[in-house]
Each structure stands twice: as structure tokens, then as C-alpha cells.
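A single chain comes next, written as C-alpha cells; it is the form predicted on its own.
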Amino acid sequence: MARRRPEPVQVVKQRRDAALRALVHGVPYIQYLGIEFDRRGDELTAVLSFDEQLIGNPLLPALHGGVTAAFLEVTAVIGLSWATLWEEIESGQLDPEQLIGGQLPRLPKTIDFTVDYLRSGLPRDAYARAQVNRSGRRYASVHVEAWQDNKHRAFAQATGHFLMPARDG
């Protein structure tokens, strides 16, 4: 029995990048905040580039708490969606052209989201990673940590529970 020849790595990488770009750029609020995602394999790091408009307290100055919470929630939702779609992206079942054409898969809906503000967010770029603790057909639990200069010194963290969208098939 002949094995199917693997796709060239460039093709797989382009498919992954196109799918992530379509997923992130398909949500206007993510664009408004200026959040981008850096992908290394199946691991995503959210990047919130510094902008003066994101400052909540100009006397400190510190990132606005609402911006911090939104950054964490966006990271959780995109991270969870990415983890869910990974199989389909890898197998080629999910065509990035569908995503680019505006046929975004339904995103998980937030049930609850608890943010712990550990210290002030400084006026500089911030990074975050989501860890999916549990993901089933109906429910998922995600933990997110955000840091700035030192990954081991988080300035905020959050735990969220999400209602998973119904999957076709």
C-alpha cells in the first residue's frame, strides 16, 4: 500500500499562517486593539503592541484594566479556537480560503471570565499565552497569563470557561 507523499513544509506553513490570519483578522475588535499572534508550530503567543490610547492611568502610566482583560479574553478565545481547528488545518480539511472568504467558524462563547491583576501593566508591549485545560464538545476551560519583559513575572492572569460551538460532522 503506497503512502501519501507529505506536503512540502512551505505549503503546510502557508496554510497555517493563512488560517491564523483569517481567524484573527475576522474579528474587528482584535484589530481595534492591535492584537497580533505569533505562531510557532501549534503554540500561539498574543502580542499587544503598545499604544498611548491603551493607557488607563496617565499618572503611573499603566495599561487600562479593561484593555488588559480584553487582551486576556481575546487570547483565550483565539487560543481555544486554534487548538480546536488545528486538526482540520493540519489535515487540509479546513481550507484557509474559506476563512479568508469570511466563512469563519463560530467562536467559543464566554460563560465566565475571571481576571487577576497582579501588577500594573507598564507602557510597553505585552504578551500572553493561553493554556487549554479542558476542551470537550460543549464546554472548555482556559487559563491565560500575560507578561511584558519577563515571562516568569506575569502582570495579569485569567481563567475562563467557554461554551463550545456546535461542530459540523
Partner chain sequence: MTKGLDKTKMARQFTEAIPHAKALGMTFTHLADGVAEMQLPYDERFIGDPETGVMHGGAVYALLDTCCGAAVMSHPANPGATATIGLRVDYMRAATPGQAIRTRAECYHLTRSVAFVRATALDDDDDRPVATATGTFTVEGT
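For clarity, every value in this text was computed on a predicted model and none was experimentally measured. Residue numbers count along the first chain shown, from 1.
The same protein also has a form predicted in complex with its partner chain, omitted here; what follows describes it.
Only one of 49, 45, 57, 131 lies close to its partner chain in the predicted complex, with a heavy atom inside 4.5 Å, and it is 57. Residue contact with its partner chain in the predicted complex: residue 116 places a heavy atom within 4.5 Å of it.
The closest heavy atom approach of residue 64 to its partner chain in the predicted complex falls within 4.5 Å. Not displayed here, its partner chain is kept clear of residue 89 by more than 4.5 Å at the level of heavy atoms in the predicted complex. Of the heavy atoms in residue 135, none are within 4.5 Å of its partner chain in the predicted complex. Within 4.5 Å of its partner chain in the predicted complex, a heavy atom is found for none of 38, 83 and 142.
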